[in-house]
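Coming up is one lone chain in structure tokens, specifically the form predicted on its own.
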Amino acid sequence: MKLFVNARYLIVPVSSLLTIFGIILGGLLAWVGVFLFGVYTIIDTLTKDIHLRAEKNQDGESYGVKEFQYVVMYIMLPVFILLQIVLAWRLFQFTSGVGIEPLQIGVLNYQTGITLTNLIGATLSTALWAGLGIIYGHELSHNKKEGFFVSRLIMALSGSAHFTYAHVYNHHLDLGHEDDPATAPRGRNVYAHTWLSHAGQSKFSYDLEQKKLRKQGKSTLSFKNKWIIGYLYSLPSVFLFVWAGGLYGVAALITVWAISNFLLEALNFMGHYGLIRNPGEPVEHRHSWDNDNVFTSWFFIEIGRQGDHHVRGETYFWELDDVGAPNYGIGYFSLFVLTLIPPLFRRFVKKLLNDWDKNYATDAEVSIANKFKALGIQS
């Protein structure tokens, strides 16, 4: 049981390595990351009615092995770095005009050079799996020691090192009201939320550093500013892609960062859309949407158990459990597809929000919800 409980969270590490391997081999295999994402969407949809509780032994102790899970999370940093390196290598081949020729290496078919079509596939594959680094950046942000720093480095690969501070000191404290950029209010779509949340969290991190440095009598524009340092962590990626592909490299990196941040903010969007917390009231299970079908739980290392996570923020992901939080009833992959089409998502979530207003919200929260309805915003 202990082996199973720990191994089941290896879907993303294994898939990331398969994506890297596919880009290295070239040809149509450069698209393997996109293919896997599609397959997992189907699996997630088919398993939406399967739910499991946190696994514990007879003494109530979790089967999760902390040392193993942290080693995996730390290893994912070099894995995500390698993912960008192999894409940059293929970019260099493309812009250098390396001839396309199939070679047999043992039982493997390797293709030198790369076509523009397959380069697009490699870029999209990299973007999708780099974006999923959020689940490790998120988990490690709650580790106040070396994990916090590793979280910043993982997020810097997508140009979002500000996330680590904003997530812990803004999102978790201000969840459910307008002071939290990561909470999407009713009526907002995922496309607008991506920009507004990203910019809002970055501003929070900047303001946090500015206030701290002013108290210390130091300049905001200095290398003591962790907001500035965070963006400097992203410079190796910029240099790598510019060197490897010039304008093609810039376009590839912009694509990787845009999709990565879209996936990051889509998770924020899905986790809290439309839920309201009266300022000053404690964060409770009802202030987050749960997504706990079996595949979502294993793939996203339990990030879908938002209800428990936001009440017990320091709890290891493998110990998070069903706490009776409001639940979408479908997994993140399926829900993500709906968010891409805002009218469908609003239609889907309207009934759920009405149920939340009736059965979960306090009178003060209902009053806030009614203000949205008065503006014609039902969902």
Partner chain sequence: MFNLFKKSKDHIADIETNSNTIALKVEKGKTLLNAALSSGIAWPHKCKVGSCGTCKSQVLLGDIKAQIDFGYVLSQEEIEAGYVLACQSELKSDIKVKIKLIE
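Note that the structure is predicted; figures quoted are calculated from it, not measured. Numbering follows the first chain given and starts at 1.
Form predicted together with the partner chain: not shown, discussed below.
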Query raised in the report: Should the three residues K145, Y165 and V168 be counted as contacting the partner chain in the predicted bound form, with contact defined as a heavy atom within 4.5 Å for each?
Result: yes
Query raised in the report: Pick from 329-337, 37-45, 342-350, 310-318: which stretch has a heavy atom within 4.5 Å of the partner chain in the predicted bound form?
Result: 310-318
Requested in this report: Note which of R186, H285, K226, H177 lies within 4.5 Å of the partner chain in the predicted bound form, where distance is taken over heavy atoms; exactly one does.
Outcome: K226
Report task. Have a look at V98, L232, V71, L221 for me and say which one sits with a heavy atom within 4.5 Å of the partner chain in the predicted bound form. Result -> V71
Query raised in the report: Taking heavy atoms only, is E209 within 4.5 angstroms of the partner chain in the predicted bound form?
Result: yes
**Report entry** Non-hydrogen atom contact Q104 with the partner chain in the predicted bound form at 4.5 angstroms
**Finding:** no
**Report entry** in the predicted bound form, A251 touching the partner chain (heavy atom, 4.5 Å)
**Finding:** no
Report task. Would you please decide whether D49 lies within 4.5 angstroms of the partner chain in the predicted bound form, comparing each non-hydrogen atom pair? Result -> no
Report task. Between 214-238 and the partner chain in the predicted bound form, list the residues on our side with a heavy atom within 4.5 Å. Result -> K215, Q216, K226
